[in-house]
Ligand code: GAR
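Next up: just one chain, as structure tokens, the form predicted alone.
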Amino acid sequence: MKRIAVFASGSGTNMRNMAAYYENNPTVEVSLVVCNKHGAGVIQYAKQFNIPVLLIDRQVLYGSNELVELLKILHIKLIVLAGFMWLIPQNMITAFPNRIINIHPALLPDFGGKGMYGNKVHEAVIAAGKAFSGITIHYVNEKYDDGAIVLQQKVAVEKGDTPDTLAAKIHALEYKHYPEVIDRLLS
């Protein structure tokens, strides 16, 4: 069994999509959700799919090797970030080389970095007058939104798009392509 750990801080729609995608898969499972925010929507989705949730604080992530050791014990093959707002520490990057990926709601390197998440990204894309936006799936390194790109997909930014309408287009790309990339990386 190839096991995935999903790290999330927010609503959890990408995790929900992955859990549904792998629900009846005999070779891949979402084995753990790691969350740093009490009350985050991702926790309820994890419960719906009977996926264990580990709530962490900064000490667990940055102050020890405890989480890395747990992921190894669980035989996690891929760590998938889905709206996780904290940087991944070097000890985890070292322990899981090229096995930690993130999805960003824009075409990196534009509109990435600290503080660029959710509707802030879509607002910035629209304000810049860009003709296209999209998603970037990339490997995680020690900087925000900086790792090697695995996949980019784009969508037109149309006249009259709002951050919410652009977000809906971006979510459709995320839900389609994130599981495909995970499958490819696990094969």
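Computed from a prediction, not measured in an experiment: that's the story for all the values here. Residue positions are given as counts along the sequence shown, with the first one as 1.
The following text describes the form predicted in complex with the named molecule, which does not appear among the structures shown.
Just one of A95, I88, L78, M116 comes within 4.5 Å of the named molecule in the model of the complex, counting any heavy atom, and that one is M116. Look at 116 to 124, 27 to 35, 151 to 159, 54 to 62: in the model of the complex, residues with non-hydrogen atoms within 4.5 angstroms of the named molecule sit in 116 to 124. In the model of the complex, the named molecule stays beyond 4.5 Å of every heavy atom belonging to K176. The named molecule in the model of the complex comes within 4.5 Å of a heavy atom belonging to I103. Using a 4.5 angstroms threshold between heavy atoms, P163 stays clear of the named molecule in the model of the complex. Along 143 to 158, a single residue, D145, places a heavy atom within 4.5 Å of the named molecule in the model of the complex.
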